[in-house]
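One chain is shown next in structure tokens, namely the form predicted on its own.
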Amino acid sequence: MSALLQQPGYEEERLQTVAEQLPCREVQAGMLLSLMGQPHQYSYPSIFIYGHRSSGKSHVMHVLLKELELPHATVSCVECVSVALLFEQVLLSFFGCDAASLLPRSPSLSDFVRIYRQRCSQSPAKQTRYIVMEKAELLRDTDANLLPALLRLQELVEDNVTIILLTDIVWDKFRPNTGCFEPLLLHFPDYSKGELQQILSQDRHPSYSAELYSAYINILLGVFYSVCRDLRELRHLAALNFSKFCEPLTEGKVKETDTHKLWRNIEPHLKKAMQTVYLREVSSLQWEQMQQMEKKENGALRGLSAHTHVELPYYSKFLLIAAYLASFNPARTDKRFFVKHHGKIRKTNFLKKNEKTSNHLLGPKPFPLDRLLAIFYSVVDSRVAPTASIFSQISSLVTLQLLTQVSHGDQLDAPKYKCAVSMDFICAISRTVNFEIVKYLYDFL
């Protein structure tokens, strides 16, 4: 057993179980056990644990409290949208439903302290009670007296209770201007590349050897480690792409020892998946279905990322097409493209001699809302009434960051937008509605 998890007052078998469940976090678990002390001793009133997302903070706390069977209440500050829910959850975990029912409808901090002290006198703590606050940075948006009170709750309720705050940000961004009791600080560093390799290799597929899965994780980290060090995201990517990695093995084309051939097969697939890290605009099942569809179409959609297949409502696709045309076509060309009886316009007069730079190289230009709607009603293949649904879909495209609103505050009745999608994206969207967008682009005349 690791010496880092030797702590008086706890059974060695339990500590061994804890160590096995916390790979690459033995140092932090040992420091935390030292701060917590023996179960029957008074612990420090408050401990502040911070580190980047997915660095093992919640997992270490959960394993320690569960395996060592310590009395605790875990409170998510995301779920507890009011202090009443926070107080109720703490009392419910320590003293049961009867204590939680004593809280008034809108309890104050003094109500919570009074009920806690009353119940504590009836059932005093035989060992330290722990209140774990996850996503504790949200406490900064609550009442100004709540965080200072929680940090010294041990003194207020006269009980052996310790507050443990788990957060992604540093203590300096927590400290109130009026001052408060200073907690003990414990930092969880990011996992190194070797530690990520060790942790992810434990999730190996039972049908394949540990050496093969370890080689696969090494390849995965070689691609994604520079842009993503989030353990959960990497674990998701590893599970999502492993079947593609094993395709040559299942087809009998290569052996497990042919790492170079396996790498050449998976490399373009991983580079394509790198464009969707953190986005989650498609589910894992949809991603696999798209890869199968690309394979069947003999590369018709090859080179397009999963982002180009994001699903939109029917009219939203035409709105996005209209926005792209409005951004990359000069306004003076609308009559030529979208009016059937525009008269005779000679191409020599239509094209300016000094206009040599491509609009796609200059980037999207802003356009007013009325121009967007005019182009939309021209390109859509059915009669559409100007209803509130159309305007709400424009707002949705802005929310999805497919359109960007560029109006200033003084333009109250004339909002302007820019299209924020690429040429590949709009071509993929156009194919889904059978619209040949290239014929309507000024740069491709």
Partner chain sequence: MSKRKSKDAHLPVGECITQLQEILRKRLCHQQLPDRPEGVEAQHKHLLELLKRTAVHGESNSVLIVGPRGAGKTMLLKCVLRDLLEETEAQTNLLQVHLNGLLQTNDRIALQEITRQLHLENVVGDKVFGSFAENLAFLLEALKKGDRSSSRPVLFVLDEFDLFAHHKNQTLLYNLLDVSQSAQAPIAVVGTTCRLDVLELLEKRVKSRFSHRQIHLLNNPTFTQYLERVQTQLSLSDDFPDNKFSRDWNASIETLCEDKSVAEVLQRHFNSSKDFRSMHMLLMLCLSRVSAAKPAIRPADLLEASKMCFADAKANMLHGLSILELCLIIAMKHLNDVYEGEPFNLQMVHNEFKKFLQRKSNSMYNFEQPVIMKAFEHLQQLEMIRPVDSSVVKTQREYRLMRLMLDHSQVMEALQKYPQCPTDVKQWAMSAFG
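Each form is matched to the other, and the largest set of C-alpha atoms that superpose within 1.5 Å is called the rigid core. Positions refer to the first chain, counted from 1. Note that the coordinates shown come from a computational prediction; the quantities given were computed from them, not determined experimentally.
Not on display, but discussed next: the form predicted in complex with its partner chain.
### Task
State yes or no: in the predicted bound form, is some non-hydrogen atom of Ser110 no more than 4.5 angstroms from a non-hydrogen atom of its partner chain?
Because a heavy atom of Ser110 falls inside 4.5 Å of its partner chain in the predicted bound form, the answer is yes.
### Query
Do Ile429 and its partner chain share at least one heavy atom pair within 4.5 Å in the predicted bound form?
The answer is no: Ile429 has no heavy atom within 4.5 Å of its partner chain.
### Query
For Ser201, is any heavy atom within 4.5 Å of its partner chain in the predicted bound form, or not?
Contact check for Ser201: no, nothing within 4.5 Å of its partner chain in the predicted bound form.
### Query
Does its partner chain come within 4.5 Å of any heavy atom of Gln405 in the predicted bound form?
Yes, contact at 4.5 Å.
### Message
Check for me: heavy atom within 4.5 Å of its partner chain in the predicted bound form, for each of Tyr10, His59 and Pro313, yes or no.
### Response
No: none of Tyr10, His59 and Pro313 comes within 4.5 Å of its partner chain in the predicted bound form.
### Task
Answer with one of Ala100, Leu231, Leu186, Leu270: the residue that has a non-hydrogen atom within 4.5 Å of its partner chain in the predicted bound form.
Of the candidates Ala100, Leu231, Leu186, Leu270, Leu186 is the one lying within 4.5 Å of its partner chain in the predicted bound form.
### Task
Could you tell me which one of Gln118, Ser82, Ser123, Ser209 places a heavy atom within 4.5 Å of its partner chain in the predicted bound form?
Answer to the contact question: Gln118.
### Query
Exactly one stretch in 66 to 74, 389 to 397, 46 to 54, 372 to 380 has heavy atoms within 4.5 Å of its partner chain in the predicted bound form; which is it?
Residues of 46 to 54 come within 4.5 Å of the partner.
### Query
Can you name the residues of 160 to 186 that have a heavy atom within 4.5 Å of its partner chain in the predicted bound form?
Going through 160 to 186 in order - heavy atoms within 4.5 Å of its partner chain in the predicted bound form - the hits are Asp168, Ile169, Val170, Lys173, Thr178, Gly179, Cys180, Phe181, Glu182, Pro183, Leu184, Leu185, Leu186.
### Query
After the core is matched up, is the C-alpha of Leu70 off by 2 Å or more between the shown form and the other one?
No: Leu70 shifts by under 2 Å between the shown form and the other one.
#### Entry: Residue shift check between the shown form and the other one, rigid core fit, Thr17 Cα at least 2 Å
The answer is no; the displacement is under 2 Å.
### Query
So, does Lys365 move by 2 Å or more at the CA between the shown form and the other one, with the core held fixed?
Yes, the C-alpha position differs by at least 2 Å between the shown form and the other one.
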